[in-house]
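Before any questions on how it binds or moves, here is one chain, the form predicted on its own, in structure tokens.
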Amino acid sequence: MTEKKQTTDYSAIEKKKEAATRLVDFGETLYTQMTQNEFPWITMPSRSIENIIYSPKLRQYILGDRRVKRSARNIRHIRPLSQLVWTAFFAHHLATNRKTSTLRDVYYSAQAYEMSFKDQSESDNVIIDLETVTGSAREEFNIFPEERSAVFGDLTIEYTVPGYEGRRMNLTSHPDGLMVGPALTYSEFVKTSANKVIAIEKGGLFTRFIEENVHTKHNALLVLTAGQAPRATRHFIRRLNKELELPVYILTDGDPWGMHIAMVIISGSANAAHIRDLTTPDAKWSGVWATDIQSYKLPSIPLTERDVKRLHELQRDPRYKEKLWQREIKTFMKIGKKAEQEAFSRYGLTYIVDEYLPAKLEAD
């Protein structure tokens, strides 16, 4: 039983304080410029495709050295600069009042201040700009996406959010799993008997694993990613790996999109090249592999043109250069088929738990 009260990854509380300070610094810089009769302006790293570079050392995409400038002197920059300043103001309000907001809330809250966004995608993009300018993640400003992933297993956590400080909960307390929301993301890890993490793409298999007591049979914490894992979930998985030293195994559908779900957990995404602490570089993609489709004679369906195009993209991606990934990409192309996790049910409802999972864990 691991029973040492962990300090969150470089202290979540300290990160939030630092993020709030950076927001103040951002505002003071603009204020100083105006008091000196300057048009307010900022520079920030460019998020253009040309400036997104893969770092073999970090094993993730990062931003290069190119920078862009936005100045109120340029009429085309006034709108995005104003949106950025308002978003910084709203983020500071959340941070100082210890309140949270969803990305959707930010979009609608802007209307109360007569701040105009065309749609939520524009609002989301400005939040990413704010991350780039400050070097802090939106989660440190208490801005989160809608919750959709979950976790289940023997891990006792202690809450740090207002009103719940000091309260403890074991993550086996809810049979459907506990949602990975803001309170869980920044909780303290108290103790666990788990010796591994199994991240699962789909809710049906997550539920099956709970029903079949995979968490006790394999001493595992089960994490539902619900498709592409949200950033908070990826950060949570990283914490489990780094703070509790638990190896991470990832189970996805056997198709190029499942491969990419696993890779984003392992090496991040180009869209988050400006953010650290979201990757788990030593996590293992354990299946469903293309070679599993052959070995287990799984029910499958033909790859679509879109699937094949995606495979060619992955083949050129530097994150997929290692032997396992290249082998599986080539096998997908060769057999021209894909399969879902549920395909193992052709051998019985518990086959994936009784046979496939143990084989994968033992093969590591």
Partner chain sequence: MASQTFEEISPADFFYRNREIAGFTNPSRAIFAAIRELVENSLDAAEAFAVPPNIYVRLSDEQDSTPGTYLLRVQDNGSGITSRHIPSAFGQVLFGSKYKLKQSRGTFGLGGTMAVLYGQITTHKPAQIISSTASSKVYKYRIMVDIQRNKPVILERRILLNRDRWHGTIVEFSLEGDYYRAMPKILDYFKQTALVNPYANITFVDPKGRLYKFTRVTTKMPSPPKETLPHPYGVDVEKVKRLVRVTPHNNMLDFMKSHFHRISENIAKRFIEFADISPKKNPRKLNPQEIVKLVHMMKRYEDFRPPSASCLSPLGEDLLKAGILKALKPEFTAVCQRKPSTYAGHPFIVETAMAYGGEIPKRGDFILYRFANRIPLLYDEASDVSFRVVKSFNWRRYKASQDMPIAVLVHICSTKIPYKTVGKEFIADRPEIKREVLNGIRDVARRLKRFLSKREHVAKEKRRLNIFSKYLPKIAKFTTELAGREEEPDIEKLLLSVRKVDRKKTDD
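Residue numbers count along the first chain shown, from 1. Note that this is a predicted model, so its numbers are computed, not measured.
One more form of this protein, predicted in complex with the partner chain, exists but is not displayed; see below.
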**Prompt:** Could you tell me if residue 74 has a non-hydrogen atom within 4.5 Å of the partner chain in the model of the complex?
**Reply:** yes
**Message:** My question is simply whether residue 26 lines the interface with the partner chain in the model of the complex - judged by any non-hydrogen atom within 4.5 Å.
**Reply:** yes
**Prompt:** Does at least one non-hydrogen atom of residue 78 fall within 4.5 angstroms of the partner chain in the model of the complex?
**Reply:** yes
**Prompt:** Looking at the partner-bound form in the model of the complex, is residue 86 within 4.5 Å of the partner chain by any heavy atom?
**Reply:** yes
**Fill in**
Exactly one listed stretch (318-326, 296-304, 51-59, 34-42) reaches within 4.5 angstroms of the partner chain in the model of the complex by non-hydrogen atoms, and it is 34-42
**Message:** Quick check on this chain: which one of 82, 170, 120, 219 has a heavy atom within 4.5 Å of the partner chain in the model of the complex?
**Reply:** 82
**Prompt:** Which residue, 314, 63, 30, 339, has a heavy atom that falls within 4.5 Å of the partner chain in the model of the complex?
**Reply:** 30
**Message:** Heavy atom within 4.5 Å of the partner chain in the model of the complex: which residues of 336-363 meet that condition, in order?
**Reply:** none
